[in-house]
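One chain is shown next in structure tokens, namely the form predicted on its own.
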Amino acid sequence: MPVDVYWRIGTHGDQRSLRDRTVTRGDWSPVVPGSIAPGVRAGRPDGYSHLDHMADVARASELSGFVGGLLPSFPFTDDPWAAAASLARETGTYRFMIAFQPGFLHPVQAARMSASLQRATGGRVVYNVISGGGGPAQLWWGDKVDHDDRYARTSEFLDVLKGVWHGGPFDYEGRFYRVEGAGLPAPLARQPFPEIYFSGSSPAAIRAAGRHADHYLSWLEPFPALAAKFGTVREHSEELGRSPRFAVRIDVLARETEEEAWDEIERGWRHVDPAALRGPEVGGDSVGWLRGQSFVDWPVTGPRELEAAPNVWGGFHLLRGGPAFGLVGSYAQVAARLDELIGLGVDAFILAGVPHLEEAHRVGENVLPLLRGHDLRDHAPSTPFTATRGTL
């Protein structure tokens, strides 16, 4: 079976490199000299928006062999549903993996909205279902539901969404949702139900994933820990008569040689806040984040102390926002580590690099062709929609 490899599209801007945390692509940070999306020419905005830049990343990754792109969702990002609708006409077969928290949508509205987007895009919507990391970010959304109940709510949400999608009249009464006689109209109900990539590392998350996930999605961890987590998910799924599949979200820094890759890390390390080397601050109740930090013996003094295994580096969060672990090495080494993950049962990846546009080309052209089970011919883009820029 071919391996699906997605790219990440930054919905909140992007740095020019891991050596410099200044955001030059995206207007979520102040526009500075050198900003390009939007940019300033002769003291005036140049008319090139961050959505234009996101479209460039989508097109670049589609042409480079990626099957689709993850659209993240945070308080400081554009809305991924709106972004997917806008970007779909800029691509041909490219899938949009929309990250969302079920608690912030009613499942009946989510079903109608998703099916409409499936209909408009030819079935290119994929779900990345997340249940939130707690803390101040969760309260930003007005959500005070505690950790385990968020996963119970997610499970109910998906029960209702599937029931409504696959025909009506559908009735449901649970702790969080109640519907009577719900169902999509026939043109929407005929649309393919999106694949579900389900995130979460806690026991409550793994139980819910066992019921609903098409792909259980994890951040990268040292491989033995990842294999053990997959084993737990597999047990829960098989008890329910389901066969789980697995996906991993990975930042990649790949260069022609290993020395070049680590030189990039060293150059970025010079700008790391010394206070961050004492250990991470804990905000929220994300078990996945806490697990990732448990693999590092804090404090640290140099970047190679964060290499948990060959090419598996736990310091990406010190150079850019996001998860800690990723892969650092030559093109061949990074492909070899991905192949090892395929051997653990992984059949989908969400890769990312900084900056997203240039690294989509680099990884697509130099790493994907080396990856076992990935055939660029399987994901060749078709002719995109013919809408012109400015009509979206």
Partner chain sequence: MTAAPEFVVAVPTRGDGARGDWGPGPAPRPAFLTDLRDGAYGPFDHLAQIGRAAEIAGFHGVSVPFDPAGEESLVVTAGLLRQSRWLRGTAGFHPGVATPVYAAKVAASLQRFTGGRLDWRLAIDLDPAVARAQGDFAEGAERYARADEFLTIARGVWHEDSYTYEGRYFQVLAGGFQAPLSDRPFPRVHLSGTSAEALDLSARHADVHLFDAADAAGAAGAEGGGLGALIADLGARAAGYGRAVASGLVLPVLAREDGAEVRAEVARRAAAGSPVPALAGSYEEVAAVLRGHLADGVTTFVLEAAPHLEETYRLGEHLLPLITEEVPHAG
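The structure presented is a predicted model; accordingly, all values stated were derived computationally and were not measured. Numbering follows the first chain given and starts at 1.
Keep in mind the form predicted together with its partner chain is missing from the figure; the text below concerns it.
- At a distance of at most 4.5 angstroms from its partner chain in the predicted complex, none of the three residues E266, F325 and L370 contributes a non-hydrogen atom.
- Residue contact check for V346: none of its heavy atoms lie within 4.5 Å of its partner chain in the predicted complex.
- Its partner chain is not drawn, but in the predicted complex it has a heavy atom within 4.5 Å of P75.
- R207 falls outside the set of residues with a heavy atom inside 4.5 Å of its partner chain in the predicted complex.
- Under a 4.5 angstroms non-hydrogen atom cutoff, its partner chain in the predicted complex has R178 among its neighbouring residues.
- The stretch in contact with its partner chain in the predicted complex, judged by heavy atoms within 4.5 Å, is 96-104, chosen from 96-104, 309-317, 195-203, 241-249.
- This chain appears without its partner; in the predicted complex, the one residue of D27, E365, E358, E340 with a heavy atom within 4.5 Å of its partner chain is D27.
- Out of the listed residues H236, R291, R89, K229, R89 is the one that sits within 4.5 Å of its partner chain in the predicted complex by at least one heavy atom.
- Counting a residue when any of its non-hydrogen atoms is within 4.5 Å of its partner chain in the predicted complex, the hits in 169-195 run R178, V179, E180, G181, A182, P185, P187, L188, R190.
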